[in-house]
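This document starts with one chain, in the form predicted on its own, laid out as structure tokens.
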Amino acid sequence: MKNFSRLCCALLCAASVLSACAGQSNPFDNQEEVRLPIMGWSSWNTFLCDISEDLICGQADAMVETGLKDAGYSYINIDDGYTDGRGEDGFIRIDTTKFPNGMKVVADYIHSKGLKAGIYADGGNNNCGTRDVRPYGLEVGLWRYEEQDTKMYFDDWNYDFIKIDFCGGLWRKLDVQEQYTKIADAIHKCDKQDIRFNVCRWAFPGVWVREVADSWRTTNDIELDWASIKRITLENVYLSAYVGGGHYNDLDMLEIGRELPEDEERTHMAVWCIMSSPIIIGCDFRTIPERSIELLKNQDLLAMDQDRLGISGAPVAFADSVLVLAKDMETFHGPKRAVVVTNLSGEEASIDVPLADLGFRGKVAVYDCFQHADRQDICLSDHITVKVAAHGSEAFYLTGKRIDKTSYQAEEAFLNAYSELEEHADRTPHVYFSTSADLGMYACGLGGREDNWMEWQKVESSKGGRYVVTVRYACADESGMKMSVNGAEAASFDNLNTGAELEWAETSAVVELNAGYNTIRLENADAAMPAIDRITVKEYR
């Protein structure tokens, strides 16, 4: 650990000297402070609707007693199951058998422990618990009561967070964007400040959600098995572009502490942290194993999740079911990066990853987030070699001299019209898996209208100047697209045809990049674009 710290210090000092000599700050470090993903506990995974005042208060006690509060967890979130319909006066009734003292008393108790209180509602008329036609959740949703109910939750009851489902919204056939926006507007009218709002539509609803909520669910509910963790991991690989500015993909509540094997729990925690998901524990603190508590307290992993940049890890390698995610830490394009290597297969596997693909050149310091120790043994000359257990993950911090990124995958691009809602299926682009694509994924269904474009918003150039941008594409019929750089048209690619849907070819253009970050967009408002696999960006020589 001492050697790692010494090397980190030397690298940081060297970076500072170089910056001072250049007479300017790092052109990449333009980040303002953002709100970080929340950390806490929720009742749903273990208890469903079988909750009570005593249970919730007991879990708040346990969060403190287990040391999880000291580790950074601060929210106690009450999910579905506390209501008893809506009264004739139009106000929600509380199930007084479960919560005899009302919901404000529970929030006050949670606050007395130095924690924050979360609550649950539906965007429509009925809560999700009414799927079995249980009357307590009928007509308790926010629909038609947006301002009245949000004032009750936040100003009267003093809750700090709300998760809003959409079971009743689907039942009423409400427009998802319109209704969630209406709810967000009602929340903003409350007197209480610093309210955190989670949209739970069980799929990425569209880019509009970033203007409405702090976080949003990207998948169906998590389940207590490996298949669910793997499914959620793969779906979120191509959603990293939507994380930023204090807004986060929510990979759902944790199943850690609920009898998953140790390697699967490690993957669960590491992937959620490098993707900057809200970290919401879903187990019963009264029965959680000690190893699970220690994993949840892992400060090296939590630092990935709670990093000041507030960004998600993106894929840098994916081979033989081994996925490698990486992201900058502390400073954009700075000397430190987080790396998680995940084995999605059922057998032990290993992977070699060039340091250049991870954004480094020369000597790199490697720190193991599970062993809490230096791991120079995995770093050999110009690459790292990592062995990973079946369903397991390894997590590292790499520190060294950075180089500009040269390859940008379609799955890490911002697809402006992207949505996973069924009602948008005929007008959204898609990301598909294919062994023919670089890193196994490509985007298609782009173009044909003005809003259906893709762009990479952080294309790196340390010094600016002329660069060759090469697009890897495929199309069975004649197609075309335009490229813009930082908002100005830079190139037009016409008469493209590779002869088959997944027959890949390349086309290039020379463009001018600014020093720092650049935005490169591909679009065609008039016709369908080709499928896109990636772009590469290299200095023009």
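Numbers for residues come from their place in the sequence shown, where the first is 1. Everything quoted here is computed from the prediction, not taken from an experiment.
Quick note: we don't show the form predicted in complex with alpha-D-galactopyranose (GLA), though the next part is all about it.
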property	result
Candidate stretches 280-288, 262-270, 75-83, 371-379, one within 4.5 Å of alpha-D-galactopyranose (GLA) in the predicted complex by heavy atom	75-83
Complete contact of Trp44, Asp165 and Cys200 with alpha-D-galactopyranose (GLA) in the predicted complex (any heavy atom, 4.5 Å)	yes
alpha-D-galactopyranose (GLA): the contacting residue among Gly124, Gly129, Gly118, Pro205 in the predicted complex [heavy atom, 4.5 Å]	Gly129
The single option of Asp221, Asp175, Glu147, Glu348 touching alpha-D-galactopyranose (GLA) in the predicted complex, heavy atom within 4.5 Å	Asp221
4.5 Å heavy atom contact, Met253 to alpha-D-galactopyranose (GLA) in the predicted complex	yes
